[in-house]
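Just one chain follows, in the form predicted alone, and it is written as structure tokens.
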């Protein structure tokens, strides 16, 4: 990790974002709102999505190659916009590169733990849930908060393929949520970047403000940290570039619901 140096210094190098597909664009969208002057590089590992059912070894391999790609781009920081890789790979890879890494779960857990809730639910991919990182990280700051975790297989594919209005998809969504609601959590964390795009479905069964989108907290957390470290850009309007490991056209089409992609993604082979 880099030291907190001169609070008045500037750093115009780009910030890297990555996710298995388009879901991380939800995080990028929040960042652009709070840090519009920053330069961003986004890598969608579409060749290997979805990440949620991959092994730990596979996820570490994917993340390592993406981090090394970002090193060639001279980034000042990388945002792990993917909950799954944040859960599984961060602790093993965090000190191996020449930039600061911001993992979404670990960054957000401290904020969630400070809230006055006795019980919260976590809906996430199987890999995130199996890691229990949300529960472990929240317990570091608030051991009295009860955390109920539940995996939601198929939800990422439903969003990526635009099937959220299908009858079968509705059954997948409603059945998992019903089991979570049985536990009576005061708030439910949408612990995958794709899940906020199911809010219309989810709010049919409980009030919309019961759900927490971690990316909102995450964006503010990183802005505060970059400010403290003197790493903010001096520009007025930031630039953005997109990279994918397969199917640039599919990425753009799927990403339309998440973000207004104005430049064509560059196809990058990291294998």
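Everything numeric here is computed off the predicted structure, so don't read it as measured data. Numbering follows the first chain given and starts at 1.
Form predicted in complex with D-glutamic acid: not shown, discussed below.
query: Since the chain is shown here on its own, which stretch among 232-240, 46-54, 214-222, 198-206 would lie within 4.5 Å of D-glutamic acid in the model of the complex, judged by heavy atoms?
result: Only one stretch qualifies here: 46-54.
task: Please check if residue 156 has a heavy atom lying within 4.5 Å of any heavy atom of D-glutamic acid in the model of the complex.
output: Yes, residue 156 is a contact residue.
- request: Using a 4.5 Å heavy atom cut-off, state whether residue 122 contacts D-glutamic acid in the model of the complex.
  value: No, no contact at 4.5 Å.
query: in the model of the complex, does residue 192 have a heavy atom within 4.5 Å of D-glutamic acid?
result: Residue 192 belongs to the contact set for D-glutamic acid.
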